[in-house]
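In structure tokens, one chain follows: the form predicted alone.
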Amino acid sequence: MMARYQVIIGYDGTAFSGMQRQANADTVQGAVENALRQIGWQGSSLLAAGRTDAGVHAAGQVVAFDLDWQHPLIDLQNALNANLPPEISVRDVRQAPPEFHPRFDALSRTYEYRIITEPTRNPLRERYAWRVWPQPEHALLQTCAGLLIGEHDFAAFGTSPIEGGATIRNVYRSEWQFSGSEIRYLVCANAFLYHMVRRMVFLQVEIALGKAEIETLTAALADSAAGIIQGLAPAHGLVLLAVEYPPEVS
């Protein structure tokens, strides 16, 4: 019997050209769809909570698909993992309502950005973090993060995934955490614009390094016509941690 499944996947995005399927490029969506076809899926395209850029990682990306599966859910998880490359893992499988959509039903998304502050290269840490030196001023980072909380027009930080779509977003959480040479930025919002988190991180770090004024941030939030922020934090420091849903679909 055909049913809709809600699946949480994690992936190391280093070798992929992003989440969304592309012609002549290795993508996470393409790899998951190939694994599904190996177990009898006949759909044309799975649904996903969001697009992640080339090189961005995920611990809690959510996808959905319809499949006629006559076995326990753990068997579906194991079958998919047996056909996926080692960089991608199915972390959880559950049956969802037939109308469930991982993008449109989402209440919020949470991202983490990792920075390490070391004066020389650290090959064992830099695959998943942006190395920044000298160390950014912690108090300035936290001040910047607080300014980003709330409903704003984030047009200066990214573009809508839908051409001509709205650029107003509501940020529920924006904070930096510090532990030795590691700095983690956690941000949760109802939705994000394309490149929004990476531009938010870049500008905050520029301000905390004394390369930009905090007024640059406040002006960008106040004036949607101010022009887009120039500069992106590297993709490899960004992780999609989780997507949250209302109880009736999660």
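Numbering starts at 1 and follows the sequence shown. Just so we're clear, the structure is a prediction, and the values are computed from it rather than from any experiment.
In what follows, reference is made to the form predicted in complex with a further copy of the same chain, a form of this protein that is not presented.
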- Item | Residue stretch of 151-159, 83-91, 102-110, 134-142 approaching a further copy of the same chain in the predicted complex, non-hydrogen atom distance within 4.5 Å | 83-91
- Query: For Gln77, is any heavy atom within 4.5 Å of a further copy of the same chain in the predicted complex, or not?
  - Reply: yes
- 4.5 Å heavy atom contact, Ser179 to a further copy of the same chain in the predicted complex: no
- Message: Does any part of Asn122 reach within 4.5 Å of a further copy of the same chain in the predicted complex? Heavy atoms only, please.
- Response: yes
- Query: Heavy atoms within 4.5 Å of a further copy of the same chain in the predicted complex: does Glu118 have any?
  - Reply: yes
- Only one of Val187, Val205, Ala49, Ala58 comes within 4.5 Å of a further copy of the same chain in the predicted complex by heavy atoms, so just point that one out. Ala58
